[in-house]
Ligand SMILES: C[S@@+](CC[C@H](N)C(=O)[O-])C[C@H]1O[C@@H](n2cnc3c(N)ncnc32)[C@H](O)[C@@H]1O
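Below you will find one chain, with nothing else, as structure tokens; this is the form predicted on its own, and questions on how it binds or moves follow later.
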């Protein structure tokens, strides 16, 4: 029986990051805590090389760099890659000075453009987010930024101006990110141009101030699908510190959509669905429909996963096959990731994965145990897990740190068998 005295520990969540300089530039609920990462990497030697294969907002990479440690971070989302590299970059005094001069020109141009027909993102029911008056000003400010800097691009000081704009669009919207499912306030607020310009300059000044702090380590974010055997050069890593998406069927880019639309990293809802389909654990729109017919690529998976999927199917709920396939695909993808991770690891490399368990139709999906089983079958050692915190839910949902060590130096060849994921199990059961 789980100890119900385990605390929720908000200091181990995104809430802890909000006032911590670069970590608080954009608020994203899935981000995990700076404090948690610091505790994991505490006392690591400076010659350590960390990998975060599920970078997200680059919390791991930035914490590592702030502690003088090098890190590579992987992600498949171009917006997060741009954001992560912007957070981990050092900015010179001359760059900041030039940026401030440019922003003065942006504000003047915004006032000139406010009555023009400026581009707005193709967000469904956009006036639920912002009223017509606010949209008019935001469109003008965005166009002024484009005139001055061009669209957002990597490794440029103008990223600070664009990140500030991302903050601005959320702070002037009616969206509320106060629980798992995003909601909206009953009314949208109309902002005058002077209010928006003032708020934007206030946000930008705070971001510029924190960007002035020098980072001693070197961290970078790269476009890599962590299920594939891809590496950056010939690097091998001494530590893996990460928090992959949880198997909770929440859209991978749920909170990112407004940022991605406004910065043109995303144009259509279909593109959002494609990103969710490629992500581990995310599913929405087209990703959900594809689950109906998904089949695994026949990698050998632990028997414990088959038992969990069988339990979900036996509930005979309307969407039990869909959810069975979803759980199978999640752990199939995680197993594939761990399998392909091994060549990137130094002998003795230590893994730390922050994960959460789930529940489908009353069937407990013990993520920590299933990942331990995958690690064990793949030749990792010193495997275990410990509870980090109780999540904000009435259900038995917890966060765990799953850990392991890689000692083997010989190459492992994947074993295969004929499998049709949850569909095959359904045939066996019924």
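Numbering follows the first chain given and starts at 1. The structure displayed is predicted, hence computed values, not measured ones.
The protein also exists as the form predicted together with the ligand; that form is not presented, and the subsequent description refers to it.
Looking at residue 243, you'd find a heavy atom of it within 4.5 angstroms of the ligand in the predicted complex. When contacts are judged by a 4.5 Å heavy atom cut-off, residue 77 counts as touching the ligand in the predicted complex. Although the partner is absent from this view, residue 262 stays clear of the ligand in the predicted complex, with no non-hydrogen atom inside 4.5 angstroms. Within this chain, residue 279 lines the site of the ligand in the predicted complex, having a heavy atom no more than 4.5 Å away.
Between the ligand and the residues 206, 224, 199, 120, the one pair within 4.5 Å by heavy atoms in the predicted complex involves 224. Scanning 162, 353, 331, 252 against the ligand in the predicted complex with a 4.5 Å heavy atom cut-off leaves one residue, 252. Contact with the ligand in the predicted complex, judged as any non-hydrogen atom within 4.5 angstroms, is confined among 38-46, 357-365, 396-404, 52-60 to 52-60. Annotation for 287-308: no interface residues with the ligand in the predicted complex [heavy atom within 4.5 Å].
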